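One chain is shown next in structure tokens, namely the form predicted alone.
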């Protein structure tokens, strides 16, 4: 198997500390409202809260009843109401209406709003405008990071992507900076920070300002290098179909906050089961990074091993049987339960994914990535749209075609757009405007030779001038330059070569050997070169904004082979896919280091595109 734990792997920091810190702070805030109280929780905070402080813990601190925020009149009879919410104006207006309704009814209650991860000035302004600022107390629960697994940390802010990259709303930048500051204060300082992207630069600046303002504590660092990367640096990777086991589970069943709900078709019963997917699940931890084609073989072998372990009972005397029941039986039963669930999930995925449709879909994606048979790909996409197979999948293929071809020819763009709107509704016009704004789906303009012009200019003038010219060009239109990048970084392996998915030779295995994720390739190259030197052409094609900063802890640099130096923190701003996480785990094993992924949220093609939908008629 490709991903068993290797010897000499550096030990990972204990991220359960972050959970304890968050839980202690929440309890402190709840106790500031003494006595019995009802707690109203934002819907998207329900799952993260359950990972930090479950119902039992909340009840121990005098929380009487729990309600989900639904923006409608409430039925609570309590005299104390506590609201645990994201800082959203709509929710604050709803709370203001409740307070004002109580005033009209002559009812006196105490109200406390706990904003997480931080409160924004706009929310306090709403309370003031609604005339309830003096009636409520407000606080912040600095719940910046939720550890989803040993090497995955999430800010659980799916709105970060749309707010920052589409709306240009930078309010979450300080949140990401605060998350880095929290990691540094708990786990020690970073010796080197690399990054690429406009948002990455802003997050770095925000974090640096926070560090200058706060007290400096020197302690032994637990990881030394940090890499910040914007999602818009690489849109191709999240738009590709995932084929590693964990990615497929996310695409089909939606992993939410580290757990997944398997329906009756998986559980072989009439009820659904919620399962935590992390390294504690022995079966899952061995197959999560595997290409799906290898999973069944592993699961059947695992089933045989389990049967052998059970068969040991035969011929045991009383004493041996007693020891077996005490030491092994419980573990075997748990493993058996998990094994049957993963076999059920695999069978369910096989039914959906081995259809002719899926094979054709993968073939089209691979052709787009390689730049072959583009006309056939367009015909396939047209058929996909006209058959109304899937609104999101059709949009995904259109975006993949546009990015890989650096925009669509005018006749193709207009024809495909018209067919899509006829199939899925004219209200998607706004969605097309959003995709165009982000450079995901574009029509090639008449003066499309900018990149050629840039390269000619580059030979005549120095790099600095070219950088300024590049900025000017990129402000006119954000081009993907995927073909040139792919060639420069060897992202697409030569099509004639045989690729053995059981023994992967590079990160391309996460896409069946067809494509190495651009984001992961950049990380590999920068770590190899210890900076961006020699990658000027690549960064120019990615619209620049790259940086590499030394943190100045020379003593830690001297211990270049300690565990801390072999642990790299990668922060994805705008979301990260499970395929990228699997690719980084593979890269870590190859390089003898470990990657810890921090992301604003886990994403995939559906989540990414759903965030950009504007189809309210």
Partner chain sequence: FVAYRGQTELLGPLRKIELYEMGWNLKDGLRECLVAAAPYGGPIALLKGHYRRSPSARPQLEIYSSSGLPLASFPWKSGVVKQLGWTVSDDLLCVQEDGTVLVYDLWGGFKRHFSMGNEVSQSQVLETKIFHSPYGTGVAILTGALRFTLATNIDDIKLRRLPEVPGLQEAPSCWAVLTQDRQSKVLVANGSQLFILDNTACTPVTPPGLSPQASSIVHMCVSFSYKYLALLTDSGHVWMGTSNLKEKLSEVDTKIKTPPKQMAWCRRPKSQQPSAVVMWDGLLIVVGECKETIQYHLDDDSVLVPELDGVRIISGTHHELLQEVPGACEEIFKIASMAPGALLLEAHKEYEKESQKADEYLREIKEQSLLSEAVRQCVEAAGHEHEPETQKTLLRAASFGKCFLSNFPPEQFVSMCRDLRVLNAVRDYTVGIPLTHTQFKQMTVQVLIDRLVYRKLYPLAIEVCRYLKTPEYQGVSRVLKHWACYKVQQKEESDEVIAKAVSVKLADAAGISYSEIATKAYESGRTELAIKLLEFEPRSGEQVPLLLKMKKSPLALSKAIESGDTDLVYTVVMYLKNELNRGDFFMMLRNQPVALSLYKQFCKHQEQDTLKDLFNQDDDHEELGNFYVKASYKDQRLEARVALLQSAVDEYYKAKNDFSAKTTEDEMRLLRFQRKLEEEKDEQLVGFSLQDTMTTLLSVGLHKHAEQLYKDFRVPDKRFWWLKLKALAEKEDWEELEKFGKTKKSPIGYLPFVEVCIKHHNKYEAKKYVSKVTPEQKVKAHLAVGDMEGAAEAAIERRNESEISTVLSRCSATTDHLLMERLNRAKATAVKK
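Positions refer to the first chain, counted from 1. Note that the coordinates shown come from a computational prediction; the quantities given were computed from them, not determined experimentally.
There is also a form predicted in complex with its partner chain; it is not shown, and the following applies to it.
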Sole residue of 279, 386, 444, 525 within 4.5 Å of its partner chain in the predicted complex, by heavy atom: 386
The unique member of 253, 532, 83, 424 whose heavy atoms fall within 4.5 Å of its partner chain in the predicted complex: 424
Partner-facing stretch of 396 to 404, 535 to 543, 229 to 237, 161 to 169, counted where any non-hydrogen atom is within 4.5 angstroms of its partner chain in the predicted complex: 161 to 169
Its partner chain contact at residue 129 in the predicted complex, heavy atom, 4.5 Å: yes
In the predicted complex, residue 121 touching its partner chain (heavy atom, 4.5 Å): yes
Contact of residue 202 with its partner chain in the predicted complex (heavy atom, 4.5 Å): yes
4.5 Å heavy atom contact, residue 379 and its partner chain in the predicted complex: yes
Stretch 409 to 441: residues contacting its partner chain in the predicted complex, 4.5 Å heavy atom cut-off: 414, 417, 418, 419, 420, 421, 422, 423, 424, 425, 426, 427, 429, 430, 433, 436
